[in-house]
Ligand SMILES: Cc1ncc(COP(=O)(O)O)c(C=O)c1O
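This document opens with one chain alone, in structure tokens, the form predicted alone.
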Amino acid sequence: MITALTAPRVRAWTEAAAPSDLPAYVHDLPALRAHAGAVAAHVRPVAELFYAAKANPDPAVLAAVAPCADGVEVASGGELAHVRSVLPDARLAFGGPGKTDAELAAALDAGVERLHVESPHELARLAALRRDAGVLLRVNLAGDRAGAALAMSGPFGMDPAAIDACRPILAAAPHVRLRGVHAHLASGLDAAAMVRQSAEILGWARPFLHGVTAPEINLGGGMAVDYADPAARFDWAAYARGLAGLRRPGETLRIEPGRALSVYCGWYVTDVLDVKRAHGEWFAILRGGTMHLRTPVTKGHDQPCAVLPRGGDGPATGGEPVTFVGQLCTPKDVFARRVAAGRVAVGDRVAFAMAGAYAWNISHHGFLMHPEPRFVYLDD
């Protein structure tokens, strides 16, 4: 879909960039700080806010978000080492399935505050290290996840029966302290659905945590992001009001959004190398490709974009819808299909919005060995 390039800093850079500067990831850091600050103002009075580094671990993004967050959630030994090097004093939580013994030890060495335990076997291996550790047991509750963009399936966390199997392990290992429960059940939910899911989690967690002093309940992330409507934003105010109505004295609620914080600050900017018509359809071939921005292929959507005409007299569409593709030798290298972009010509600039999360860091960089994009950080 076509969107307006409403970020003035990004627009100015895109218009001034030389072809040799492209493609580029362009990060609007003031916009990121403003958005994260607004989210924090709603959420932090009622719940701790941890940023999920998996969404975008870029050092500049981490540094921009850190003042607005209570901590960072990491999901691998690599993320742990990276985030600790960028934010040496940050509070950290370590989640994710399949942690190795080396990762568990590294987490303790790095002063990770909370380990999110995914299975009885993982808990037993942690206990065998015979070191002090604070844990949240990750529960995977059965239930209706209708409307979710992504429901977390069996490999993630434990069903209540497996959770019960953790009790004797904890009883035999007093150095491993049960601090609470973690439950990230689904992604892509609006505020009302997130509040309902939070109530479901709390309804299960509170009886289980009876007797735990100052229990912590991590409600996960998954706040909806609408790629079809970049102007639509998750209603953080309504969500915070809902959490305030659920919270009880003596307990700590925690959330860990990632995409919903960083996605709006990043743009993937490139230019048109070729334009051609084939079998009645127009195609614009762009410098770069989905080896840089795999998000539209992964999610099966059209990445929203803005086209900045350059007034070139080379090949151009006739104004009919155009499909934007990259330089890869695969028909799956598609950013957006049949976009009503007006006239598109060789040399025009195309800026893909909502490229600040799950973009470069999940892309297959090495395929065909094209040059990597530049990384640009715009600030006041």
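The structure presented is a predicted model; accordingly, all values stated were derived computationally and were not measured. A residue's number is simply how far along the shown sequence it sits, counting from 1.
The form predicted together with the ligand is left out here; the points below concern that form.
Chemist: Do residue 289 and the ligand come within 4.5 Å of each other in the predicted bound form, heavy atoms counted?
Modeler: No, no contact at 4.5 Å.
Chemist: Hey, in the predicted bound form, is residue 350 touching the ligand, heavy atoms inside 4.5 Å?
Modeler: Because no heavy atom of residue 350 falls inside 4.5 Å of the ligand in the predicted bound form, the answer is no.
Chemist: Given that the partner is absent here, does residue 122 sit within 4.5 Å of the ligand in the predicted bound form, heavy atoms only?
Modeler: Heavy-atom contact with the ligand at 4.5 Å: absent for residue 122.
Chemist: Check residue 305 for me: does it contact the ligand in the predicted bound form (non-hydrogen atoms, 4.5 angstroms)?
Modeler: Output for residue 305 is no: heavy atoms all beyond 4.5 Å of the ligand.
Chemist: Is the ligand in the predicted bound form near all of 52, 138 and 256, within 4.5 Å of a heavy atom of each?
Modeler: Yes, because 52, 138 and 256 each have a heavy atom that approaches the ligand to within 4.5 Å in the predicted bound form.
Chemist: Which residue, 180, 157, 222, 266, is the contact with the ligand in the predicted bound form, using a 4.5 Å heavy atom cutoff?
Modeler: Only one option qualifies, and that one is 222.
Chemist: Looking at 239 to 247, 198 to 206, 98 to 106, 184 to 192, which lies within 4.5 angstroms of the ligand in the predicted bound form, counting heavy atoms?
Modeler: One stretch meets the cut-off, namely 184 to 192.
Chemist: What are the residues of 337 to 358, in order along the chain, with a heavy atom within 4.5 Å of the ligand in the predicted bound form?
Modeler: Heavy-atom contacts within 4.5 Å come from 358 alone.
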